[in-house]
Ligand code: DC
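Below sits a lone chain in structure tokens, taken as the form predicted on its own.
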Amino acid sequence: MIIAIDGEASTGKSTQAKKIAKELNIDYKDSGAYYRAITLFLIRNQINSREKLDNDLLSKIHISQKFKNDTFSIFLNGEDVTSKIRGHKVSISVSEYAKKPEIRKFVYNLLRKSSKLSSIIIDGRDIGTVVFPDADYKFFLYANPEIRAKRRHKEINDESVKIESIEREIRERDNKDSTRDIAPLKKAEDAHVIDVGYLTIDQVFEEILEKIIY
């Protein structure tokens, strides 16, 4: 079984995917973490996003993910880089690397290979449209940018960061995701659409779970 959760930035895709994985006892894959791990590798090797990446270089990148006891971990060539991929340098660089066709193809192959080993749930922005267009269940989460900005501001818990700047970043990310040439963010025609703006985490979870079980 393959479950795809796509959606806009800061709509709780990862949170829901992890909750569903635990509830159904299936594997969880974070597609964004793959791109971040690859970005970390390339930055460490001083390879900028404008360079063409050949298969010899990509063959040196080995990534694995683990989700156990509510804890997600990602390994790059055997090293646990779970916290490192969330660093500032990776965060501001990942979108430039992730839009490269050779990197997207590389990640797609990793995700598709993992789906052959067990049932999985994956969150991202093009899972139900590009990576797994034949997924058994597809969901698309969205919410008003202002609401998403307030939620992220609460998570950051830093009053020096203004909600207005977060909202601006979210709108810019939405525009970049939906207008990019390669695998743009869009709803799969057969996806279940959920406006998470005025729902609690548990309410969204129950709505997703109901669609899968019934």
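One-based numbering along the sequence shown. Bear in mind that the values here come from a model prediction, so they are computed numbers and not experimental data. The term rigid core refers to the most C-alpha atoms you can superpose between the two forms while keeping them within 1.5 Å.
Note that the form predicted in complex with the ligand isn't included here; everything after this is about it.
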property: Candidate from Asn77, Ser119, Ser95, Asn144 lying within 4.5 Å of the ligand in the model of the complex - any heavy atom; result: Ser95
property: Partner proximity in the model of the complex: Lys138 to the ligand, non-hydrogen atom cutoff 4.5 Å; result: no
property: Interface membership of Arg86, the ligand in the model of the complex, 4.5 Å heavy atom rule; result: yes
property: Close approach of Arg151 to the ligand in the model of the complex, 4.5 Å, heavy atom; result: no
property: Phe41: touches the ligand in the model of the complex, heavy atom cutoff 4.5 angstroms; result: no
property: Proximity to the ligand in the model of the complex (heavy atom, within 4.5 Å), stretch among 175-183, 42-50, 158-166, 56-64; result: 175-183
property: Contacts with the ligand in the model of the complex, stretch 115-144 (heavy atom within 4.5 Å); result: Gly124, Arg125, Asp126, Ile127
property: Glu51: Cα shift of 2 Å or greater between the shown form and the other one (core-aligned); result: no
